[in-house]
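A single chain, nothing else alongside it, follows as structure tokens in the form predicted on its own.
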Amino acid sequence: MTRRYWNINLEEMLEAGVHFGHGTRKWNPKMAPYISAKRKGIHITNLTRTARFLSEACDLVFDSASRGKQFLIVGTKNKAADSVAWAAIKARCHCVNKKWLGGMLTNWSTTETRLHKFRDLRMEQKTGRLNRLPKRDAAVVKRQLSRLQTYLGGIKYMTGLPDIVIIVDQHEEYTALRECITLGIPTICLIDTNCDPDLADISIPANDDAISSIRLILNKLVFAICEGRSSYIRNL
């Protein structure tokens, strides 16, 4: 994998609060190599190591995107949801930003069936067929459609398992991470000081509670994916 320069700036990360970890009582000892100091009861992440692993992650997604691989971005907590949706649109990726439904990947056949149902209902809505149903039936179908949009809207065009999964907050998305591990899908995970750095293929130590921190990390990954996609298109 070729190493590239991704303009990862330590000052920029400081301004975004990437270095702020959790309280010193709420930490995982495995994160010790990624922590540089304690300040007012809070662990401070070593941004030099953050920059290193973020650069490695950017190299990985660039190479994967340049070979036409597909990505899934997962982040369902309130502080991550909007940034995840923005990143997915910008990089033309799939995303889950509301709720991870257990078995979404490990029970892909069921997920695929739900997606087919979702697409069929959307088509019925677009063609006006729902308007021809009795009011009560139409209301039931619209509620079903709304629910499917909430939970599956970000993966509605996904036709198979993703090649790489990017996860925001290991604790919050532990089920998704375990499914990826079970299936052997490579993962890039944003981890705070209370996480296990050994679970993901590439763990990026960073503040997973600040919107500015989450957006900065995703922004770098999105840029690398877009650059990779451009390279893929040029080589077609």
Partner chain sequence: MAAASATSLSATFSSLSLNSLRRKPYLFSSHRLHSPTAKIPFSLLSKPPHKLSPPKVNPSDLETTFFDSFDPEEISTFSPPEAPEGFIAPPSFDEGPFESEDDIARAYEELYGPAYSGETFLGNDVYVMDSKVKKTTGFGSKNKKEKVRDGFEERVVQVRRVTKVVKGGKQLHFRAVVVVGDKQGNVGVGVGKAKEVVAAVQKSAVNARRNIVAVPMTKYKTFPHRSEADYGAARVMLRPASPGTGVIAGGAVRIVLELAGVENALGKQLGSNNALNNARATVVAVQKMRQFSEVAQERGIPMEELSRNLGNEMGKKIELIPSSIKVNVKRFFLKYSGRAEKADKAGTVANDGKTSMTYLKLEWILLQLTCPSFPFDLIKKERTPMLDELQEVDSISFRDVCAAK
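Positions refer to the first chain, counted from 1. The structure displayed is predicted, hence computed values, not measured ones.
Just so you know, the form predicted together with the partner chain exists too; it's not on screen, but the next bit is about it.
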Taking 4.5 Å between heavy atoms as the contact cutoff, choose which of Lys156, Lys98, Arg129, Lys142 touches the partner chain in the model of the complex. Lys156
The one residue among Ile181, Ile35, Ala210, Ile42 placing a heavy atom within 4.5 Å of the partner chain in the model of the complex is Ile181
Using a 4.5 angstroms cut-off on non-hydrogen atoms, would Asp120 count as touching the partner chain in the model of the complex? yes
Test of understanding: in the model of the complex, would Arg92 fall inside 4.5 Å of the partner chain by heavy atoms? yes
I'd like to check something about Ser66: if you look in the model of the complex, is any of its heavy atoms closer than or equal to 4.5 Å to a heavy atom of the partner chain? no
Closest heavy atom of Asn7 to the partner chain in the model of the complex, within 4.5 Å or not? yes
Hey, with the partner chain in the model of the complex, do Leu14, Gly75 and Cys195 all fall inside the 4.5 Å heavy atom range? no
What residues in 72 to 92 sit within 4.5 Å of the partner chain in the model of the complex, counting heavy atoms only? Ser83, Trp86, Ala87, Ala88, Ile89, Lys90, Arg92
